[in-house]
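Presented as structure tokens, the chain that follows is alone, the form predicted on its own.
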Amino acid sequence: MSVTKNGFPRVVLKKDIKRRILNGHPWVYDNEIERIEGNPEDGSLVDVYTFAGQFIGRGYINRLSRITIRLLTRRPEEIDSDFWKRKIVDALRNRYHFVKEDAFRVLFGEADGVPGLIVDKFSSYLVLQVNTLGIYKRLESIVPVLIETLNPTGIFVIMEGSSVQKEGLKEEKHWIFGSGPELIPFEVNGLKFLADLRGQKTGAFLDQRENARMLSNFAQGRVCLDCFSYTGNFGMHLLKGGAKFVTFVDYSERAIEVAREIAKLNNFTNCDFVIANAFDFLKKLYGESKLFDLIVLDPPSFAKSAANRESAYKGYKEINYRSMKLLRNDGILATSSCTQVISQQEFENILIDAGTDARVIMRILHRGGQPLDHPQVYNILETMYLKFFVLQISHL
């Protein structure tokens, strides 16, 4: 039998598959597959079975990717417009009060049962990040449901990065519905921001907005440094919270240009902007007298896979060590990691190592993580990625 009674090709898993798949993880790797029956086209739907013939779920296949199958459902149901509407409605229901905000994440890939798709809402616009061939082939049924459910002014699609290339897709960015500005205005926590469609990911990072709001409580009268600032999420919150001065540092000239515009929109003038590699910037300042009352470290992911774990460890330790040395006594260090490869405990160990070498006492003022619109699922560890600490640094 090469296809199921519903006409979908069968994929049979090896006898000794990890319980990860049976316990709810949607990824099936190439080395977990015993055989593929029915010669399915890449991007098409398949039904997945255990070696003993137990139905596991239905998903899309791509043999170009090491993650060969991504499951969409554990039931033999149709993957049609009604299916996508249920996914979106369920996700919105799980966002609770967030759906009343001007900007939030509508769909978060695997955590919302839609592997390969991220949807962010900025004001009346939606930005879709499409990471897989299977999702790309289903945009014709997904986009109309997004229009019906959320009534956006425009929908912008982004496909870029190594994951897209591994899927055999071409990188592209374009409006798939309606149109809009290159810089989409939106508001977060009473601040005006701009999502840059020429920038990183979906144009703005929404996962740190709660952490930034909390950190603003420590800003009053402080001289602050926002490292890896991108377009200035943390620094703008610090300025709103009464910071005396904020220096924004990012390697991207484009990001700094947008940050300047955001500062103007909010009438902030007590700030400056530096285009520099944050590692080099911190190293250049090293050895000078204590310069800052508060430093924010919000770097990009230092490790995309376990193979980069050691270099990521060194990178995190270096920037935290140097920042600790640049803080005035009892200063505040807000530091984060956005890679799932480094666990919460490992990140804490990095901070302890950095603090030991810097000869400081670290008092934990706050532990943070992802907001509810970036849901974390214990069955899918990859959804649990963001670590955030606010520390008081006292020199020995």
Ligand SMILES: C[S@@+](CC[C@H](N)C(=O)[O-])C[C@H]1O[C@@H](n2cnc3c(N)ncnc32)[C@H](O)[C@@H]1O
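Not measured: the values here are computed from a predicted model. Numbers follow the displayed sequence, beginning with 1.
The same protein also has a form predicted in complex with this ligand, omitted here; what follows describes it.
Visitor: Please pick out the stretch from 84-92, 271-279, 122-130, 310-318 that is in contact with this ligand in the predicted complex, where contact means heavy atoms within 4.5 Å.
Guide: The contacting stretch is 271-279.
Visitor: Would you confirm whether the three residues Phe8, Gly38 and Tyr60 all fall within 4.5 Å of this ligand in the predicted complex, going by non-hydrogen atoms?
Guide: No, none of Phe8, Gly38 and Tyr60 comes within 4.5 Å of this ligand in the predicted complex.
Visitor: Considering non-hydrogen atoms and a 4.5 Å limit, which listed residue (Pro299, Pro152, Gly241, Gly180) is close to this ligand in the predicted complex?
Guide: After the contact test, the surviving option is Pro299.
Visitor: Just one of Phe228, Phe292, Phe218, Phe98 has a heavy atom within 4.5 Å of this ligand in the predicted complex. Which one?
Guide: By the 4.5 Å criterion, the partner-contacting residue is Phe228.
Visitor: Taking any heavy atom pair closer than or equal to 4.5 Å as contact, tell me whether Ser323 reaches this ligand in the predicted complex.
Guide: Although this ligand is absent here, Ser323 would stay clear of it in the predicted complex, with no heavy atoms inside 4.5 Å.
Visitor: Using 4.5 Å between non-hydrogen atoms, is Ser252 touching this ligand in the predicted complex?
Guide: Result yes; Ser252 sits at the interface with this ligand in the predicted complex.
Visitor: Using heavy atoms and a 4.5 Å limit, would one call Ser163 a contact residue for this ligand in the predicted complex?
Guide: Taking the distances in the predicted complex, the answer for Ser163 is no, it never comes within 4.5 Å of this ligand.
Visitor: Verify the contact flag for Thr202: yes if a non-hydrogen atom of it lies within 4.5 Å of a non-hydrogen atom of this ligand in the predicted complex, no if not.
Guide: Outside the cut-off, so no.
Visitor: Counting only heavy atoms, which residues in 230-249 are within 4.5 Å of this ligand in the predicted complex?
Guide: If the 4.5 Å heavy-atom criterion is applied to this ligand in the predicted complex, 230-249 yields Tyr230, Asn233, Phe234.
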